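Only one chain comes next, encoded as structure tokens, the form predicted alone.
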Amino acid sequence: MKKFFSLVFILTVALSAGLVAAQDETVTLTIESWRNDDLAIWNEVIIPAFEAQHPNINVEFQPAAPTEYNAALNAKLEGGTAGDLITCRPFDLSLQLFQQGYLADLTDLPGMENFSDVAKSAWITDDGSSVFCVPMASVIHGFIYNQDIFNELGLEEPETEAEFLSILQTIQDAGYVPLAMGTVDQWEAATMGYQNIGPNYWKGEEGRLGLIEGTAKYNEGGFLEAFEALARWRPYLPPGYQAISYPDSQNMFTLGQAAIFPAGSWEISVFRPLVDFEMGAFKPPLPEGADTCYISDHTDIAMGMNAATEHPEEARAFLEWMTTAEFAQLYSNALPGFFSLSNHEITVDDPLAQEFLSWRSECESTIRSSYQILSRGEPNNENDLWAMSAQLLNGEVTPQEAADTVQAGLEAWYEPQQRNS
């Protein structure tokens, strides 16, 4: 009998020791990402903050070159060698990974309630039933300006389109280039032009969702008015703007040759080390008679879980931490101009980034009109907007012709628009 109890005691001690060892064992999680320029930020700021609270979880950030990420990630997922955590591009690329079973369903992840429907729109199924990535950050559109030129000319930030156009004329009369933007790359005309000012005309999510539902059209109402407003920029673009590239326009602004840069907030960290003048920012000016402002607060990056990870509990712990105010504050300050998509109240140290961020409390947020669902067919809605926005600024088409072309392209394949044509 004594031998029996001794054996039980020995087994109990052994099991307890094994349990302690298991609990003390460190698990390593690997993050797949295309943001190779963020390596230092993750290794020096974000990961240490998480590991300090989870000493048994080691996290390794292993980015690929941006142009190689999609192909490399797909090959790893197919071969079963992908990391535990997957950095998610917005919309269809990540949706396809979820539909193929490579990304886990995160709908019930604690903390997901901290994100709005707009924030989750890039990583949710079409029917809204499943969320498969934790939203990380967005970029906000507006205008960055040269404070020295504004001070010299006694200019104040415009609030309305009429004030905006008046300021552009004053800048031009003083011998400066009013708007640093060209059209040779096309995307700039649409992204920093049409999609920047457009939400104020089509009323943000109301108009964008109307396109998806087939109740709104590009060639009428606010979407047409946005083309008309964009056309009014033409006299204020640089000489020879039809041949000016995106890097050229960046250089023009940072060298002090132009007063205003139609921008995305991602420019902040690009411009900071290059300029020797103070920069300011103003949100897209309101159309005549409008009393509610809308901003393009565009979903950019998220994080998902490899459905085949061997460490699902630890991976979910990391993702749950990413839904917190702590992560929101850390990430937004580590990357000025990339703003957490959570509903937490945060502040950022960079004053220009904080100005962009403050617009969230003043305006309604939306995303670019063509990104969710509408660019799956041919002709591609996003590509049509690029081409027509550039041709409009070049004077090759009228606003109505640009709008009619984009609308016809969407109706050619998108059934909800066909039903209501």
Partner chain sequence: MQRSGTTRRKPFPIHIIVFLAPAVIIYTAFMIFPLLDSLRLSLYAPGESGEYVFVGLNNYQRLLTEPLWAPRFFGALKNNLVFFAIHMLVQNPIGLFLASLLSSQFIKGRAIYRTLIFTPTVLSVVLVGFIWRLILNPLWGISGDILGLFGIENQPWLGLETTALPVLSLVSVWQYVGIPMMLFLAALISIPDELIEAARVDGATAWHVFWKIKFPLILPTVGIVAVLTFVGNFNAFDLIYTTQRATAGPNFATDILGTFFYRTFFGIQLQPGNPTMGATIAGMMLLIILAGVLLYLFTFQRRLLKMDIQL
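Residue numbers count along the first chain shown, from 1. Only the largest set of C-alpha atoms that superpose within 1.5 Å between the two forms is called the rigid core. Here the structure is a predicted model, which is why all the values come from computation and not from measurement.
Same protein, other form: the form predicted in complex with its partner chain, not shown, and the subject of what follows.
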Inset, instruction - Determine which one of 281 to 289, 157 to 165, 302 to 310, 241 to 249 lies within 4.5 Å of its partner chain in the predicted bound form, judging by heavy atom distances; exactly one does. - result: 241 to 249
Legend entry - Distance check, Thr215 to its partner chain in the predicted bound form, heavy atom within 4.5 Å: no
Legend entry - Heavy atom of Asp148 within 4.5 Å of its partner chain in the predicted bound form: no
Legend entry - Touches its partner chain in the predicted bound form: Ser370 (any heavy atom, 4.5 Å): yes
Inset, instruction - Flag Glu364 as yes or no: does it have a non-hydrogen atom within 4.5 angstroms of any non-hydrogen atom of its partner chain in the predicted bound form? - result: no
Legend entry - Option touching its partner chain, based on a heavy atom within 4.5 Å in the predicted bound form, out of Gln186, Asn196, Ser138, Asn219: Gln186
Inset, instruction - Residue by residue through 363 to 384, tell me which have a non-hydrogen atom within 4.5 angstroms of its partner chain in the predicted bound form. - result: Ser370, Tyr371, Ser375, Glu378, Pro379, Asn380, Glu382, Asn383
Legend entry - C-alpha of Asn36 off by 2 Å or more between this form and the one not shown on rigid core: yes
Inset, instruction - Look at Leu97 and decide if its Cα position differs by 2 Å or more between this form and the one not shown after superposing on the rigid core. - result: yes
